[in-house]
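Let's start with one chain on its own, the form predicted on its own, as structure tokens.
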């Protein structure tokens, strides 16, 4: 077990002012793997002051030089990819091989994606007799979650560095260990002091303090819609910019001409990636009513092939929920689905056999789910799939849009153009066509209660820029 009683502030590891501690628990076996010191208002003030002092110099650092730092961070992260991946597997439970590939591989790819964006982006240009200048917004506060901890951190850190902003990061207290490794990397590559600062702590204290802080120009949160509401309310007091990536209840629309076997099987694996603890999880599978029985059989057979267990057991696809509270929440949704009359295809609320330790939940599939059911409307954040039958394309689109969320989605069809036609009608920030793979160059973000703003791509960079018009003649 390791102990972390320091914060990374102004380029140095300094003793935390906060005295409270929190245990980091391996959700696979419920064992404490680390104890971390929780930050307080004093830690936040020190970190923000360091970021504020570093901002003028970093903002003026040439774009090419900022790009070189990002490249160095990516290379240093790649050199430690197994270590970082294994750390994340231990602190939040994703199977080791997937953690190394996804939890670390994707952040490396995101970092590298910003280098060509920076090289090609016009940070200033003439518009008639006015010069448009895009400047870094300033000091940024980042509040990040536990489910894809490094990926969500880098989704904010990379564009902020690219824009010329400085920052204070508050990672989830459930999975903070990877952020200490990131701070070590920042130190290793020689990032100027104060550009990146790390303060671990509770969202109600450290996160709230960042959102309220008068010297923080922007706050960016990835988390629940409830957390986003609280952060936006706190940030409103100082009229700071807010970007939010929040909940999702994404629809996987399978049209009548799709390869049902492939579409359902791929859809189940997508829904259950990271044990369903994914904001863009395709948790609603919309199928033609006449094909629902066949789709349910395919889903059941697919789930039966999935191995559940410890993150470091070979061949495991399904890990645990992150903690006991999340496990109880997911089990509650499964009970709700049964009570509301959905057909239980496989799974259930009982504890999985053979897994006495760990916060595991049976992978569960429901059929005959109606749009108004709780399991069809609320984000479960666990391995629970709802199969919803529909009778026409128009009804499928209506069901897909019958949600307070609008984060992601997917459409399956033998005719890609037909699928794109449906995708255009779905009110979400992104829609996958058939088995399209994740694209780090595509912007990510949500409609409706799924958030504000975008991450990744040039659109993610622009969230960290202010626009100035310099107007004058004699050019």
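None of these values were measured; they are calculated from a predicted model. Positions refer to the first chain, counted from 1.
Keep in mind the form predicted together with a small molecule is missing from the figure; the text below concerns it.
- Here the chain stands alone, but in the predicted complex its contact with the small molecule, taken as any heavy atom within 4.5 Å, falls in 199-207 among 94-102, 356-364, 309-317, 199-207.
- For the candidate set 130, 224, 370, 71, a heavy atom within 4.5 Å of the small molecule in the predicted complex is found for exactly one residue, namely 224.
- The contact residue chosen from 386, 87, 152, 252 relative to the small molecule in the predicted complex is 152, the criterion being a non-hydrogen atom within 4.5 angstroms.
- Using a 4.5 angstroms limit between non-hydrogen atoms, residue 112 is distant from the small molecule in the predicted complex.
- Taking non-hydrogen atoms only, residue 271 never approaches the small molecule to within 4.5 angstroms in the predicted complex.
- Although the partner is absent from this view, residue 407 contacts the small molecule in the predicted complex, with a non-hydrogen atom inside 4.5 angstroms.
- The small molecule in the predicted complex is approached by residue 230, whose closest heavy atom lies within 4.5 angstroms of it.
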